[in-house]
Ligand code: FBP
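In the form predicted alone, a lone chain appears below as structure tokens.
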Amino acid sequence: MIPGADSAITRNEKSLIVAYDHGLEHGPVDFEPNPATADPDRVFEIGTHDAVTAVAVQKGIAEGYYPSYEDDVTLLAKLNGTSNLWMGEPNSAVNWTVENAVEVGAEAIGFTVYGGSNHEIEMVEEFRDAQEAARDHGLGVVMWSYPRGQGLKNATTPSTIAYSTRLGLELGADITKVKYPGSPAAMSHAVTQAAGSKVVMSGGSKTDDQDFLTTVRNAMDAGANGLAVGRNVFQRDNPEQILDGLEAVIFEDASVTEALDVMGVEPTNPEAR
């Protein structure tokens, strides 16, 4: 962690990263709810929204599409990833180098580490090489810290998520992306273990507007620095609408009710706050 290294992908120390590595990680199934988003141009258009601090993509998408959006979108190069066709112990191929990412125009890198996997040692060593190269080029570093593997009975317990944020700090990430651990108290514990490094919540599977905004509000109240989200944005018919709400919650400290009002959406639960 180097203070300020992530400045290109943060606003007032907060981030809203649109993750679009799903075509590799999950396959075409993730684009079925909104088929237009199989076209990377559509997601880069979404990434021009004022709320978005970076768009995270794999090498081929970056090379083929980012040049058309370099004036309006900040590129986060997701360096590793593995298809859902892989059925072995969790691992992630390194698909491009920091040097190539810099040539394409990246301002930061993203890297997955599966803590607890039988391949953890080699993944951490690969992260080391990427992190040090990123420092040489002045790039911010985001770790996708996802505990996963045959030795883990439950990868989403509060203690495991707190360990995930600590891994990001210990290994040199500026921002660590983790799953929401289920409660504000558990998220607060995870943030505490990250010490001075930032923590962002993974967006996860698509949920309804109010439920999603409530989880984000809870994470922010617990000290999180924002969100790295894919499906909960691009699977919606109107991705820009939910980004309006997220901008209100993350950057303007709005309540869920206020964010829904910005979106022009009626609460489904009158207890929204």
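Since the model is a prediction, treat every value here as computed from it, not as a measurement. Residue indices: 1-based, along the sequence shown.
Beyond the structure shown, there is the form predicted together with this ligand, which is absent from this document and is the topic of what follows.
Note that among 223-231, 60-68, 236-244, 42-50, the stretch whose heavy atoms approach this ligand to within 4.5 Å in the predicted complex is 223-231.
Against this ligand in the predicted complex, the set H119, M123 and E126 makes no contact: no member has a heavy atom within 4.5 Å.
Contact annotation: E258 falls outside 4.5 Å of this ligand in the predicted complex, judged by heavy atom distances. Within this chain, Y180 is remote from the site of this ligand in the predicted complex, having no heavy atom within 4.5 Å. Contact check for T157: no non-hydrogen atom falls within 4.5 Å of this ligand in the predicted complex.
Among heavy atoms of I250, none comes within 4.5 Å of this ligand in the predicted complex.
Along 120-145, a non-hydrogen atom within 4.5 Å of this ligand in the predicted complex is carried only by W144.
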